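The chain below stands alone and is given as structure tokens, in the form predicted on its own.
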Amino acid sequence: MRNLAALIAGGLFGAGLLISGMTNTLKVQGWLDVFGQWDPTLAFVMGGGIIPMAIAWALTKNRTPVLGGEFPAKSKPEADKKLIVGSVLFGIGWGLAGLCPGPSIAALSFGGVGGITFVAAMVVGMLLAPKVRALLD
């Protein structure tokens, strides 16, 4: 049952990415181009993710998930060196490619060589991340 729920949630997430334009690299780069021809429409996509998540966090207090397990603990809001370096690297990659992990997986079905190249580079980055993290400690 948990796998079916995960499949449905993942499908809805992918469809949302596609409909919202998050898989369109030019739209994402337009959002990031605040000093050029800025496209503010992705702010609504981000709000559409942040607002329901904030409500969900508030509703999970003293509850257990319907499909078992536990809700993850809220992360501590501290900006340490790892968070800053990771955020900068993520932002650089997002700005250059116009994709981040979720949309890149969705874009594999239509992104051609560019999409495949991005996902391959992302996997290499994920494999190198523990080594970089160790250097920051």
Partner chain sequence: MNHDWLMGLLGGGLIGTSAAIFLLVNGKIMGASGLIGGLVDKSGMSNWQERAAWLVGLFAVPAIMTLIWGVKPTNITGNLAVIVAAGLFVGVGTRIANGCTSGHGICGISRLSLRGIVATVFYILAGGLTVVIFKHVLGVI
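All values derive from a computational prediction rather than experimental measurement. Numbering follows the first chain given and starts at 1.
Beyond the structure shown, there is the form predicted in complex with its partner chain, which is absent from this document and is the topic of what follows.
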item	value
Distance check, S75 to its partner chain in the model of the complex, heavy atom within 4.5 Å	yes
Residues within 4.5 Å of its partner chain in the model of the complex, restricted to 31-47 and counted by heavy atom	W31, L32, D33, F35, G36, D39, P40, T41, F44, V45, M46
